[in-house]
Structure formats: C-alpha cells, structure tokens
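Before any questions on how it binds or moves, here is one chain, the form predicted on its own, in structure tokens.
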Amino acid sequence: MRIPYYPGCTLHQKASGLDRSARVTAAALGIELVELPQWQCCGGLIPQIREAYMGLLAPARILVDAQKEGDRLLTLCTFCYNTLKRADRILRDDPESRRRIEDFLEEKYYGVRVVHLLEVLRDEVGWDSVRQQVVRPLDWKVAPYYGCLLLRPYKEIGLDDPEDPTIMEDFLRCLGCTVVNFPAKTECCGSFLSVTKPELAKECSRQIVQKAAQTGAQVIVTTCPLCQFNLDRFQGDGPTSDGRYRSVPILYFTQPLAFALGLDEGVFFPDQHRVSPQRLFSSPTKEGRA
C-alpha cells in the first residue's frame, strides 16, 4: 500500500518522534508513506470566515500538489489533518471558493481524500491484522486522549463519534493494552493558549493529566503534537490548583505501536519527553513475550 504523505512543519522539528515512529510502523504493516516532493506549512487552522480566501491558499496548494501524486493524502499532525480535510471540503462544496483559489494558483483542483493513519489502520489494514503482527503485547494501563481537532467538527471530519470515540481504544486493545475509562479524552489541553496565556493552558493540561492519573493510567496516548507538548511540558512545575499531583508520561500513538511490533527502541525516541516513559518500555510484556 503506497500513500502520499504530508508530514507538516512540526513533525520535522519538535514532533520528530511521531514522524519517525509513524514511518517505520507503517512500513512494518505494509504501508509505504511517500513524502510529497515539495510542501509548505498548511497554515495550522482553517479560516473561520468563508470569504477569507487567503487563509485557504496554504492548504489548497498542498492539496493541489498532492493530487499529482494520487487520489488521497495521509497526514499525522492533528492540526494538519483538520486543516487539510476541512479545506478539501470547502473546495469541493463551495464553487466560488474553488474558482478563486484555482484562479490564484493557476491550477485546477479535482479533490484529494485526506486520511489519518489511525483511519487507514482501522479501515484498510484492519484491527485483526494489526493484532496478529504484535510480538510484544503491552501490559499497560492507557488513557487515550483525542483532544479537539481530530474529531471536530464532525460533519467535516467524520472520523469517529466526537463525544464518545472508540478508534483509539480499539487500536490500543490490539496492542494488548488495558484502556481505562477516561472521561476527559476529548477535553481541550489549552492549545495555542500555551503561547498567549500559559497559566490557563497549564491548568487545562494538568487537569487532564490528573484525571488520567486518577483512573490509574500509566500513560496517556495522543495523536496531536501540540497536545503532547502541552500535557508533557506542564508537568513538574508544582502541584495542581487542588494541591494533588502525579506525573503521567505522554506518548504518540505510533510509539507504543512501534514497541509492540518489536521495532528497535531507537526508532521512536522514547527519551524526547519531559516525563520519561522509559519504565514502560523496560517493563515485562504480557505472557512473557519479548
């Protein structure tokens, strides 16, 4: 299976652990991620005003370039996924927006299906196939964390139920994990408020971490580089507002996948975290298999 791949800016910098672990795990599962020959920043957010055509140019240029490589485009960053998928929807459904963008880019847009790796694993590889390739079943208690943009707005994204998603739970169970009941899995981590109002983002993030800790989770697994950064970064700065605190490591979903598939630890950077997950990777796996 060969799929054009848009890594985006963050995965080439701060979130290199997500990029590298995704590439090697996809290859192990028979998926070749082929990076686009040229790409630029997607803009990070879709414009909220429909007539703000300039805000559509960055994602539209990526989509136009991607259609030269195939009929779909895979991305991993939650912000990139949300931005590209919604931009495609606008260009498909709004003839005036499409006309203006095509005039500016001097190219026609015919449509590209934007997909996430989790989506490909569920719908094309299949959970049973993933499970069969696990050589180190993980004896971990995991809190899956979706955040905001992987699921919303549902009419434009359509990946899973925005209030009670299960795609990550199903994925983690394939790896042998015990998934905890985590009501905060779709709450906001504070997002870019970490730049403008860091204290507010810190409180949002640390409440999520503490709710995970209260479930007994050993680790939080997410798909979003900004969520991973906020949840990990704001740990260790003192107690939460209620005076209680227990740190929990934050992993990208592809990192436990790489470990469960038996890949070498060096390919998924378990040391790029403020709260070290190393004890998880050093603990025995289920059934004594290694």
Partner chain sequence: MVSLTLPKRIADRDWIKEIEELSGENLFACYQCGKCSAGCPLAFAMDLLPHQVIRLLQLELVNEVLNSSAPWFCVGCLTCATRCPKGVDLAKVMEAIRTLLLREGKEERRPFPLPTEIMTEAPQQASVSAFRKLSL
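Positions refer to the first chain, counted from 1. Just so it is clear, the structure is predicted and the values come from calculations on it, not from any experiment.
Omitted from view is the form predicted together with the partner chain, to which the following refers.
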_Candidate stretches 260-268, 25-33, 224-232, 65-73, one within 4.5 Å of the partner chain in the predicted bound form by heavy atom_ = 224-232
_Residue (of E102, D94, E203, E119) lying close to the partner chain in the predicted bound form, criterion heavy atoms within 4.5 Å_ = E203
*Which one of V112, L138, V142, L149 is close to the partner chain in the predicted bound form, taking close to mean a heavy atom within 4.5 Å?*
L149
*Could you confirm whether R173 comes within 4.5 Å of the partner chain in the predicted bound form, counting heavy atoms only?*
no
*Although the partner chain is absent from this view, report whether L251 comes within 4.5 Å of it in the predicted bound form, heavy atoms only.*
no
*Look up in the predicted bound form whether C77 has a non-hydrogen atom within 4.5 angstroms of the partner chain, and give yes or no.*
yes
_Contact flag, R86 vs the partner chain in the predicted bound form, heavy atom cut 4.5 Å_ = yes
*Is any part of 51-65 within 4.5 angstroms of the partner chain in the predicted bound form by a non-hydrogen atom, and which residues would that be?*
M54, G55
